[in-house]
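Subsequent text provides structure tokens for two forms of one protein chain, presented individually as structure 1 and structure 2.
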Structure 1
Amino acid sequence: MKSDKNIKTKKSMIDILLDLSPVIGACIGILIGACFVSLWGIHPGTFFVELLKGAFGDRLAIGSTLNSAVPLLIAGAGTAIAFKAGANNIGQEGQLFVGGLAAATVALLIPNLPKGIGIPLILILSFLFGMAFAGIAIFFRLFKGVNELLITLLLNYIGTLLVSAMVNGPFKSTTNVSFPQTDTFGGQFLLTNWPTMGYMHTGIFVAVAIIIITGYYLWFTPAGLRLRTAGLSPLASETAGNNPTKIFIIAMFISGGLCGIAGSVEVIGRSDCLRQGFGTNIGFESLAVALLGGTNPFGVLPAGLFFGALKAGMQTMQRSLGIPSALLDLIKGSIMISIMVGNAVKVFIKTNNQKRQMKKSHELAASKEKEASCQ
């Protein structure tokens, strides 16, 4: 039809700006933070400079940015898969804690493993532990009809306490009794740190690999398509012959397992033993990263890096500016909300634009018909 040509989506300046709305949202959030920081007598310019210095200023900063990002990327990718399939897994925290526990289990119970087996075994076991936790939620959902949102939330607490109990009990350190933690793991279990690269650890490669794998799985395989369909329209998925239960199980297992890996990578990359409370907050942050990245593993990459930069930058900034750490939470929250609102506004404007364009083209078509009929 002739009128089709008139419905063109031109990439105008506004469109590009709208595409960048997550970035704009982030900037707004940081601006809000700067406003608050000024109440402590700190110039916003200083605030930005220190923030950037803390995130990218020197090798140490970049190293800690990447290190902070690693667990967020891995758990974020896992969460993305779950949400894309319509499974509400908010148990990242619990799953990553038991993932860390898995690392301790291997390192402490089989300390004499040769190099090259230790780390892969830890990754596998932490995946399994995370799966187990997700499995509990699966069980309750399938046999008791309880939404996994609730169960995974409960399991967060249980996972954290489980680690505390183990670290204060059977796994307790024999050398250092001043903090609840385990004995130091043998070197073969730890990820390599590069002091010259700001103490960055190899976990970043694991994270990127996982992102690529999960992204490929989700977008380029039939299995991934099934998952996405199930999330977008359970009805369509079932009509197409997919088994919703199977899809749900797969999604939950994968996301739980990946969160478990996130936990163990954090333990063997960032430190050398399992400590009480090692993953506090990381769970919810990775949930935020997954959602900020549009529940898409490829989106999780920039979102996770951004969040990692934010965390690293804010901590260093807090040290150098002496602002209360509470402001960091304020800034984090403002950024999250701003980005989401930005997304929403973008969608709003886009649909309005589309509506207007459709209206215009219909009017055009109607007037042309009128012309034709008049002649």
Structure 2
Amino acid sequence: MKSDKNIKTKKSMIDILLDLSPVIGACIGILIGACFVSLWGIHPGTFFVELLKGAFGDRLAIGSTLNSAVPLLIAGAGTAIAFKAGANNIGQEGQLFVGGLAAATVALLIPNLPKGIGIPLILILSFLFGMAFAGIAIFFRLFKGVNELLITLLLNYIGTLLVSAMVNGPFKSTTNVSFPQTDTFGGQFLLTNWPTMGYMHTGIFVAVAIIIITGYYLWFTPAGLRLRTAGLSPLASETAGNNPTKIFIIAMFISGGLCGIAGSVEVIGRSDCLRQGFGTNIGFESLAVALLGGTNPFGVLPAGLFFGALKAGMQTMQRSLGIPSALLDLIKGSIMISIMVGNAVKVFIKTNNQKRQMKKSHELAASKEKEASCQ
């Protein structure tokens, strides 16, 4: 009996470690970052102190952290929805960029809209733009048999280049500016911000609301249960009377739409115009946020805040310690790779455990059948 209890405890500890593997990966990534910084003659202790100070040192730092987290939270929630349904959407970057383009389309083409209509219209149109971009991947998957992983990856480049073409062409600023961008938007199209809090904007409330809604949808509704079942086992889902293909389409549309909203919120929350390259790397970072959050919208909240703090802290550290931006990208890349490796290890071990359990159950069933036939 005692040994059985020990085995159960050991198994539960292993399960806990597996569930925490992305978090462990994030910690390892930060330690790797500290090692890189030491090559520049900076003490690792200084690295951690400056990182924390830049992320949470005062009200301005906290506001910067929250602003950096907003698009990651929204796109991360959308990514979690796709992954839970078994849809391989890695087109967050392209979907985010066309979402930003939707904001510019409304603000520049319909400049006289009142504030009560302008911002909701931007959010709706950016959701539709993101859906349309995800729809291209759905089309190729269903009618051409091309995996959505490849199509969404390629669409990232198309999305960023489309924004670049628009700000250098039809939406080009009429004033003399040194960087490709549009004309400034009217104030009715911009989210409210607080200068004393590091220009924190109301997008944080949009992000938290989206996380609550998507989390509730996934875990507390029949539709969410069907979506998760389809992701775990399409065959079991079909046997239960569901349509995995339909669920895949819905999940991809929701995921693309939310990534589009992330782009529009980033544009109207942190700027007053659409700039070339406004959301570079945000989409890829949201992918790491979703993995760190266990592809659970509720888990995306702390994961997104962690990455927001990381971004804000590193920006401050670049100014205070004179660290080159290339080194900061290297540190961020190390953290993202560590998180993904941790998640991959978790998936690999859990899949192998499931296979072993299935094999044992089949062997047990076969031995019982053999005994019955002998009797």
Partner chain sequence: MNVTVLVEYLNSTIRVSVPIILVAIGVCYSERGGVYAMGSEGYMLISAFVSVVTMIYTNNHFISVLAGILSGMLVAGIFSYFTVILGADQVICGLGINFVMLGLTSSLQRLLWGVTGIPRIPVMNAVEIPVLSKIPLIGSMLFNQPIPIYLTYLLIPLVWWIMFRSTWGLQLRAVGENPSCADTLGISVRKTRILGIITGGAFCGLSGAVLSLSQVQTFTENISGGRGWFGLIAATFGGWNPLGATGAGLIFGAAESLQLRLQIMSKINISSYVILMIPYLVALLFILFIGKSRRHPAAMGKFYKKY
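One-based numbering along structure 1's sequence throughout. The term rigid core refers to the maximal set of C-alpha atoms that superpose within 1.5 Å between the two forms. These numbers were taken from a predicted model, which means no experiment stands behind them.
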Check: Which depiction, structure 1 or structure 2, is to be taken as the form predicted alone?
Finding: 2
Check: Rigid parts turn against each other between structures 1 and 2 - so which of I331, N89, I122, C273 is at the hinge?
Finding: I331
Check: Two rigid parts, two forms: what's the rotation of the smaller one against the larger between structures 1 and 2, in °?
Finding: 26
Next item on the list: Please state the CA displacement of V341 between structures 1 and 2 in angstrom, with both forms fitted on the core.
Entry: 5.8
Notebook entry, point to check: What is the C-alpha shift for I32 between structures 1 and 2, rigid core superposed, to one decimal in Å?
Noted result: 2.7
